[in-house]
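Taking the form predicted on its own, here's one chain by itself in structure tokens.
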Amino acid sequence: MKKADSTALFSARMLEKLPLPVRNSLDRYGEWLGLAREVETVAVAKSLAPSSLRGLILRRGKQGVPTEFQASHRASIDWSCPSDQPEMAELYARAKRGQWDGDSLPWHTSVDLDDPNLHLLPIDGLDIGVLERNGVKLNAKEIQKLTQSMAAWMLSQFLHGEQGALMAAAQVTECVPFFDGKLYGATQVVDEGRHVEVFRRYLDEKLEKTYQINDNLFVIIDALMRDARWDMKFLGMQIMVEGLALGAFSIMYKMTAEPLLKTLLKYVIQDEARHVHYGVVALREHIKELSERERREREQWTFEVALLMRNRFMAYEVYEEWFEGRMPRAAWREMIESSPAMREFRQVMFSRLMPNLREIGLMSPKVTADYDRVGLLKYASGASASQLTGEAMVAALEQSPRWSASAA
């Protein structure tokens, strides 16, 4: 046995002797330290460290009080009101035509959580065998309730992410240097407000349950709110958060059998496709004008945020509600990583993100190797946001199987 293997085995045996709450605390800090070790760029480490402390260690998103951010971006006004970005102007026209009213959704629809034919998520989407191997036995009714909790958790994170997007869209509209970008940005502020409205209403009226913001998502939003650079706000929100959200909305649209949720997600997907396209248009020329040092910093920053977003979908908030004290946190993580629904979520989310990073020029050989090392490079070959519309995405989802071959 190699020394490293024997050390790991010794550590695992030592951990098994500790009380479960202590093991879980060490596991949480171990994840944070593992993520910190991935950061190689000093500027990236400095920019993410304060937000990581507030989100992952102090867990400021879970203290039940509003989070206050000190905004420090530079606003821009061009009094000549030029027509300076034809592609953004076209997006603005599409956004005006695509406005919809949240009150017009069929809210009268009865959401019967006990009807197996109207599931929020498919009941076979979770790898229940991992729970059983760790001594947790659930009956059919409990498995159905656990699946509903996972759906409520996902929708809660959508809600929190959309509130962050609302704040970021308002800041971006102020600071983007393109006048046509400001016009389009104003429509995105309206879109994000509407998304917050409909997700909150669905959680309050239909599920009657909302989970707190995930710590990793808090870190990203906290960092974006405080960053003064307009392109970093674009990169973080339009490309990273909105791109991954677009994938998450898409896969939930494909999986759910609940008609009201399906209708809600259809409208949101069409908005989000425009939002990500906006980010690609704004950044693909700008990135070319940066110095090599600035480009490398943004490239490494997106890699670290991609890792945070990947970790975001471990759903520890559901674990804390259902299984804390009953099985190790690491066992829950194993279940999430092996569940078909969560594998499908990761695949579709990163299939939406990675092509956009390629198009805007943040995929140098070095960072490509980093993405390959963590298993994300395989998602980089698809179509970017500038080649897709929300309508086309919804049509494709209607024709696709519930599980991809890699998720089954």
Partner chain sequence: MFNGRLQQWSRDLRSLSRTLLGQPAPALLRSGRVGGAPAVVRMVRATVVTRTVETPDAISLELRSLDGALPAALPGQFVTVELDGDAPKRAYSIVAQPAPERVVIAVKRIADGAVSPQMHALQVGETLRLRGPLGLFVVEPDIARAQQYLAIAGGSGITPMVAIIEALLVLEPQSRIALIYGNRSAADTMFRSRLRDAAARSNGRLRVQFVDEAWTADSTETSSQGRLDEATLQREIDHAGMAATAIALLCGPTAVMQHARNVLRGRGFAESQIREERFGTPQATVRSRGAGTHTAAVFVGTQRYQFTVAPTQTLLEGAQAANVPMPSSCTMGGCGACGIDVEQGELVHDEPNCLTVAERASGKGLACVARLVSDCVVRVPNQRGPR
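In this text, all values refer to a predicted model and were calculated from it rather than measured experimentally. Residue numbers count along the first chain shown, from 1.
There is also a form predicted together with the partner chain; it is not shown, and the following applies to it.
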Tell me which stretch of 166 to 174, 206 to 214, 291 to 299, 331 to 339 has a heavy atom within 4.5 angstroms of the partner chain in the model of the complex.
206 to 214
Of R274, H160, R194, H119, the only residue with a heavy atom within 4.5 Å of the partner chain in the model of the complex is H160
Name the residue from K266, K145, R310, R133 that puts a heavy atom within 4.5 Å of the partner chain in the model of the complex.
K266
Do H73 and the partner chain come within 4.5 Å of each other in the model of the complex, heavy atoms counted?
no
Would R229 count as touching the partner chain in the model of the complex under a 4.5 Å heavy atom rule?
no
Should R284 be counted as a contact of the partner chain in the model of the complex, where contact means heavy atoms within 4.5 Å?
no
Is the gap between A369 and the partner chain in the model of the complex 4.5 Å or less for some heavy atom pair?
no
Residues within 4.5 Å of the partner chain in the model of the complex, restricted to 107 to 139 and counted by heavy atom
W107, H108
